[in-house]
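Form predicted alone, single chain, as C-alpha cells, below.
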C-alpha cells in the first residue's frame, strides 16, 4: 500500500524563458509504506527535483502529489505540516547546522512542533542513537564535529521529527566506505525499528542493492523502470544500455555472460554472482561439489 504518490507530475525550470528545461515529464510513481525505496538515474534525470516535490519545496507545474491519498497542495497555507510528515535531507546537510550545541540542533524541529521539553529530549536521544552519535557529543558545538559526525547530526535533526516519510538525497556522498556503512546502516536500523517509509537517492548502485527494498529508475525526466531490487537489477543489460549505472559486480556478470558463462539469478551482489558461477560450473561438469568430496572420502 502506497503512502506517497505522484500522478502525472511535470515540472519545468525557467518556463517561458530561453533557459526553459523540463525536469520531470508526466511522472507517475508510488512509494510503498514501510519500505526503503532507492531512487536512481543519471545526472539530469530529475531525481533531485522529484524529492523536492515530495514535501512541497517545489510545486508541480501539472499533476498531483498525494500523501495518504490527499493532495499536499489542497491547503497551500498548511504546507508546513506536510514538511513535518515528509522529512527531507538535502545533499550535504551538514552545511545547514547552526545551533550552539548538537543537542539543540537536533532538537530544533521538534521544539518548533510544540513538543514538551521531555519529549524533545527523548527524540534527540533516540535520533542520536540511530545515527551513532554518543551522549558525549550532544553538548559539543556541531562545528567541532568531524565531517561524518556533522552529517549524522543533520540527519538526526530530521529523524527527530519522526516523519511518516524520510527522504534523503545522497546522504553518504563524499564519505569513506566506513562512513557510508555507518550512515546507511543506521538508516536501515531506523527504518526497520520505526517502520518509517524511506526514500533514498544515491549514485552508488552497491548501496542501492544492499540497503533498499525497491528501486525506481529515472531516465530523461521519466520513470524508466521500477520494482523490487531483484526485479530491477535483473535487467542490468537494459539499465546499462540507457546509461544507467549498475553495481560493479553486475558488470562483471554481464562480461562473463558475453564470454558464454550461463549465469542466472541474483547477479547484482558478490554473493549472488558467486552462487551463480558455482552453479554454472556444477552444471558444466555434471556433478556437485558435495559429490566430489564424497568421492574423495571414498
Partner chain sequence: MTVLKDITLGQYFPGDSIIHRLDPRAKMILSILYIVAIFFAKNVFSFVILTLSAILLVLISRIPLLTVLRGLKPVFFILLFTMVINLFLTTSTEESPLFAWNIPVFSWTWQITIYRIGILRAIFTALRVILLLSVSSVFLTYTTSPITLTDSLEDLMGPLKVIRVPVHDIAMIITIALRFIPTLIEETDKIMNAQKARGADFATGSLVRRAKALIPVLVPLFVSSFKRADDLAIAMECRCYRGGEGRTKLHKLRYHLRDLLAAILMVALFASVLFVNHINPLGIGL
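Computed from a predicted structure; not experimentally measured. Residue numbers count along the first chain shown, from 1.
Omitted here: the form predicted together with the partner chain. The next part is about that form.
> Does at least one non-hydrogen atom of residue 57 fall within 4.5 angstroms of the partner chain in the predicted complex?
Contact check for residue 57: yes, within 4.5 Å of the partner chain in the predicted complex.
> Give a yes or no for residue 224: in the predicted complex, does one of its heavy atoms lie within 4.5 Å of a heavy atom belonging to the partner chain?
Outside the cut-off, so no.
> Would residue 112 show up as a contact with the partner chain in the predicted complex if we use heavy atoms at 4.5 Å?
Yes.
> Spell out, yes or no, whether the shortest heavy atom distance between residue 240 and the partner chain in the predicted complex is within 4.5 Å.
Flag for residue 240 set to no.
> Answer with one of 161, 216, 72, 168: the residue that has a non-hydrogen atom within 4.5 Å of the partner chain in the predicted complex.
For this set of options, the contacting one is 161.
> Please determine, with the chain shown alone, which of 193 to 201, 83 to 91, 128 to 136, 224 to 232 has non-hydrogen atoms within 4.5 Å of the partner chain in the predicted complex.
Going by heavy atoms within 4.5 Å, the stretch is 83 to 91.
> Do any residues of 81 to 107 have a non-hydrogen atom within 4.5 angstroms of the partner chain in the predicted complex? If so, which ones, in sequence order?
Residues within 4.5 Å: 83, 84, 88, 90, 95, 96, 97, 98, 105.
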